[in-house]
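The chain below stands alone and is given as structure tokens, in the form predicted alone.
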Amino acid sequence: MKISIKDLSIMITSPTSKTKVLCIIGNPIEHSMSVTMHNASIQNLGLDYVYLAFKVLSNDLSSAINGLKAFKIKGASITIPHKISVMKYLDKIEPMAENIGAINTIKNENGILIGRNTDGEGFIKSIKESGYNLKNKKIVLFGAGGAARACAFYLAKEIDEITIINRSNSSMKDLISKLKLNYDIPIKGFNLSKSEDIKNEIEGSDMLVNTTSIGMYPNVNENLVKQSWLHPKLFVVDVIYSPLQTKLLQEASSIGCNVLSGVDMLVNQGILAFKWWTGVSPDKKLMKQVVLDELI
């Protein structure tokens, strides 16, 4: 059953000159569920905030970040493709985010912009909440961008071995070098063109994670992974949440794999960001339900 605005427990008032602004910055941005999720939480808690979405091209990123200060925007979510490139425009970056080399959340503290990464925390929490045990596991991860870095760093704390697959060798090698500086586990990498190597890696792995945007709305028929590479014992995770079931997850499910979409990661990382910005913990069940209502 869908939650409408009328179902929320407080009367929603229009923003005023005192209303604090939060936002999300990315490109594309139309698919984002963050606006729905955070505004539902704001309304439910009766906070004088509003959460907006801004489509920002890469060439305009510096101006957009300066705008956070100029307009006294209290916090921002950062999504594709800015999670790495945005770092150079910030005043401070939390140590774990610095190690990861990517951020997804900014807090404006009296004109000081602080970067944090809640993606990795949200991702690993979603895996554990699903009941999957990461101990002694070998994992293949597709991608080397901002989301990939966060997921890989938090996975490397828990697992035995990780293999990174990516189209760009430079990004992949940079991620692997950062992981090796922080974790003493076997870490390998293969270019996306190395089909036979990828197939062999997946065959010997326990878990596959897609952190790329391949398969995301509107390109719902795209998939980096051939179905013939999968096996029924594989746990398949896609950080994409729109669509709820990507082509990768559909094909994995059809051969008997356990699968997990990106919805729980979205909600978990959003909870961490929301509390950091406002000092108040949102209702997780509400956040997840309003997202699912939009996606199903």
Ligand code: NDP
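Everything quoted here is computed from the prediction, not taken from an experiment. The first residue of the sequence shown is number 1, and the count goes up from there.
This next part talks about the form predicted together with the named molecule, which is not shown.
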Is every one of Asn27, His82 and Ile106 within 4.5 Å of the named molecule in the model of the complex, counting heavy atoms? no
Only hit among Ile187, Leu90, Leu224, Met96 for heavy atom within 4.5 Å of the named molecule in the model of the complex is Leu224
The single option of Lys74, Lys138, Lys194, Arg167 touching the named molecule in the model of the complex, heavy atom within 4.5 Å: Arg167
Is the gap between Ile162 and the named molecule in the model of the complex 4.5 Å or less for some heavy atom pair? no
Is the gap between Gln269 and the named molecule in the model of the complex 4.5 Å or less for some heavy atom pair? yes
So, Ser205 and the named molecule: in the model of the complex, are they within 4.5 Å at any heavy atom pair? no
The named molecule contact in the model of the complex: Tyr241, any heavy atom under 4.5 Å: yes
Partner contact check in the model of the complex: of 176-184, 214-222, 194-202, 128-136, the stretch with a heavy atom within 4.5 Å of the named molecule is 214-222
If you apply a 4.5 angstroms heavy atom cut-off, which residues in 143-177 are near the named molecule in the model of the complex? Gly143, Ala144, Gly145, Gly146, Ala147, Ala148, Asn166, Arg167, Ser168, Ser171
